[in-house]
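Given next, in structure tokens, is a single chain: the form predicted on its own.
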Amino acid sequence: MSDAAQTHRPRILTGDTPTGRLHLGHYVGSLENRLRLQDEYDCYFLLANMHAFTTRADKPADIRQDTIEIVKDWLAVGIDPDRSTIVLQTEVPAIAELTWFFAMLLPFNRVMRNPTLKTEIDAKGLGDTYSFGFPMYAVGQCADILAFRPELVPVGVDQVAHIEMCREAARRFDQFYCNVDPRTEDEDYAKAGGVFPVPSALVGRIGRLVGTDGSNKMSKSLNNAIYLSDTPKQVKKKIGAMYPGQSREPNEPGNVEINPVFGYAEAFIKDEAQVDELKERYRRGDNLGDGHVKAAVIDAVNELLDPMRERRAALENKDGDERVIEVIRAGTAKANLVAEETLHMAKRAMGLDFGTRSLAWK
């Protein structure tokens, strides 16, 4: 699709921090929305490798490889680099510059009240030992997004707080430097002369997919994830080991609400009538064991993952890594044109437009 055709479509920006392979929680939380919207929006998908350094600054080689692996996951899922732009955060200097400007507009106490930031500090056991750059990544996310002036940001439910701070940054900048009336409706900020639109979050159809432990959100760090690259055998083992929340015989009534496997049934079995039948029989104790429900879920998950496995297999070699790097380079070169335009617009609004620059991408 030509650049000209893309510029007439509303824009999306979202992405992932390279901390490991992507899992089913990422898929239902954001990835399937990205797939669905590729033809309706001008899509930019960010590899937030700079943010990975906030907690793993001593592991640059791991971050590099995780960055490549995430792109393989994206391509395997069906992200098409001919329809969507894949962007490497560290090679878009406008993001770092905008982070600095937004840091002057967002009070420190406001940044530290971000509930997602507080949750990550607790979950990762950082205490008060985290680096100065760790809270800065929350401001950096505002720059990640606003550098591309999107209207929509597909995210998981746990990222909505970050988007709200991004919306605040856009409003503050436009009010301070573009004289946009604070009473302006969010959807009208750009029309009122603001540099930045006030983007909206688009949460996936399942805000929180429980992990295979049956209680916590699916997460690599909690070792309760089913990865998009898992083999059929691994999927069967993980789902088969899930505790159904109760002890019962196949002919005894069961409680669907406390059985986490039914959350997977609702998420991944396409036939709603089949899901309804499984629930009804389970509630009645109609000779339906937990193994029967798990088998149906395993089949559905593997049906979803099979084409992803096939596409990913084609990238599992040295040539595959090189192909991924070429995709990153091509997308980032295009992304810099947009981000540099945004930065120039912001600097002009701030009275800092003493000249223009161009980036040479090799």
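Throughout, we count residues from 1 along the sequence that is shown. Nothing here was measured: the structure is a model prediction, and the numbers come from that model.
There is another form of this protein, the form predicted together with tryptophan (TRP), and it is not shown here; the text below is about that form.
J.: At 4.5 Å between heavy atoms, is V153 in contact with tryptophan (TRP) in the predicted complex?
T.: Output for V153 is yes: heavy atoms within 4.5 Å of tryptophan (TRP).
J.: Tell me, yes or no, whether Q159 is in contact with tryptophan (TRP) in the predicted complex, where a contact means a heavy atom of each within 4.5 Å.
T.: Answer yes; at least one heavy atom of Q159 falls within 4.5 Å of tryptophan (TRP) in the predicted complex.
J.: In the predicted complex, does Y137 come within 4.5 Å of tryptophan (TRP), counting heavy atoms only?
T.: Yes, Y137 is a contact residue.
J.: Report yes if any heavy atom of G25 sits within 4.5 Å of a heavy atom of tryptophan (TRP) in the predicted complex; otherwise report no.
T.: Looking in the predicted complex, residue contacts with tryptophan (TRP) do not include G25, since no heavy atom lies within 4.5 Å.
J.: Given tryptophan (TRP) in the predicted complex, answer whether the residues M242, A265 and V297 all have a heavy atom inside 4.5 Å of it.
T.: No.
J.: Which single stretch, out of 289-297, 322-330, 59-67, 43-51, brings residue heavy atoms within 4.5 Å of tryptophan (TRP) in the predicted complex?
T.: Stretch 43-51 is the one.
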